[in-house]
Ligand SMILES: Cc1ncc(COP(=O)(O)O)c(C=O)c1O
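The chain that follows stands alone, in the form predicted alone, written as structure tokens.
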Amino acid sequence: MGGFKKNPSTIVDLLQHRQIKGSLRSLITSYPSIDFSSNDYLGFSSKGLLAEELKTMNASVQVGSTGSRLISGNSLLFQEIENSVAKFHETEGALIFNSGYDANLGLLSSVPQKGDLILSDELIHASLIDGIRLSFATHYKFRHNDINSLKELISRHRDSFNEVYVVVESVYSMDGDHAPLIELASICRDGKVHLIVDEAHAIGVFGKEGRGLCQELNIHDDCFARIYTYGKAMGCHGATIVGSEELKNYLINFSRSFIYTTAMPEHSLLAIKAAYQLLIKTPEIKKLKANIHYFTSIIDSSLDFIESRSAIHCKLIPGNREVQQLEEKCATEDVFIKSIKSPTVKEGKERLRICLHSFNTEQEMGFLFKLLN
């Protein structure tokens, strides 16, 4: 027993490999003050807007939630918020999950069955990928935002499977570009295919009162399920899957990440309620859109940016060490911006990921371009 190592050699070897590749992750606790990195697009969290809205509600809350929603953790507050979320997103049913990760995992691991087929854009979020991995359905990827690639897969496989699901994000978290939702909705409708859209980076940014891209483009009724995540523009925590009342009842009965977890506490629920109230009246959405327009108008074509009309803009800088050096250079100038390295993105597609906010100034954006040049 004397030669037994406490840590498996695979752990040590994989950490060393990450170190050598320049992709070893670590946690930090202090950040530069000029924010071009957080997902808090409207400043609901960092600027205290959500906290102020919560104060107006003057609610006393229970700390903790005592159990899962199927045991003792459910409440009239859950019911009230889910009803209002369903109404806001123009659908029958809404079911709150503890996080976007839980929602995507719970939906995709439980709904598609053996004998079904999942077709997903190659750049969908890790949480969607993990949900698909837990499913018993067959899975194929199609090329990013490539309608013909998807059509070819549907044409080749549709008759061999019971049900077919297409999984996309309305706004892609690592590129900032849009899915071709109108075309996708038409293909799915014609092919009797179920469309699933993750709206994590669209809520609060697109659509009337920040309702998201599906409602802005009026294709929400063509979606089997939509996922709205609250840790981005909404400035709080949790997520909701919206769809038919039948889908909601199915998830309550079969989604393991819903069934076997402690319910969200009341203060988190009230934060969701307050965030939706803010969306309806905030001027921050208009400010964010103005900043997106200004930023795209001053992008230098030589800087190799991925085309985007969202709050996410990415400058490609191949190489983990190269992109890390530019992140560190920005930090010395008090600019908070994150490098995205492989394996999070494909090798050679490393980038600086710039998140715009309603509170960024034109001076800050101009200064950022100075640093990038």
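For every residue, the number given is its place in the sequence shown, counted from 1. In this text, all values refer to a predicted model and were calculated from it rather than measured experimentally.
The discussion below concerns the form predicted in complex with the ligand, not included here.
A.B. asks: Using a 4.5 Å heavy atom cut-off, state whether Ser257 contacts the ligand in the predicted complex.
C.D. replies: Because no heavy atom of Ser257 falls inside 4.5 Å of the ligand in the predicted complex, the answer is no.
A.B. asks: Would His125 count as touching the ligand in the predicted complex under a 4.5 Å heavy atom rule?
C.D. replies: Although the ligand is absent here, His125 would touch it in the predicted complex, with heavy atoms inside 4.5 Å.
A.B. asks: Hey, in the predicted complex, does Tyr294 get a heavy atom within 4.5 angstroms of the ligand?
C.D. replies: Result no; Tyr294 lies far from the ligand in the predicted complex.
A.B. asks: With a 4.5 Å heavy atom cut-off, would you call Ala200 a contact of the ligand in the predicted complex?
C.D. replies: Yes - in the predicted complex, heavy atoms of Ala200 and the ligand come within 4.5 Å of each other.
A.B. asks: Each of Ser45, Glu53 and Gln277 near the ligand in the predicted complex, meaning some heavy atom within 4.5 Å?
C.D. replies: So, no: the whole triplet misses the ligand.
A.B. asks: Tell me which of 94 to 102, 132 to 140, 176 to 184, 278 to 286 has residues with heavy atoms within 4.5 angstroms of the ligand in the predicted complex?
C.D. replies: Result for this chain: 94 to 102.
A.B. asks: If we check the ligand in the predicted complex, which of the residues in 215 to 240 reach within 4.5 angstroms of it by a non-hydrogen atom?
C.D. replies: In sequence order, Thr229, Lys232, Gly238 come within 4.5 Å of the partner.
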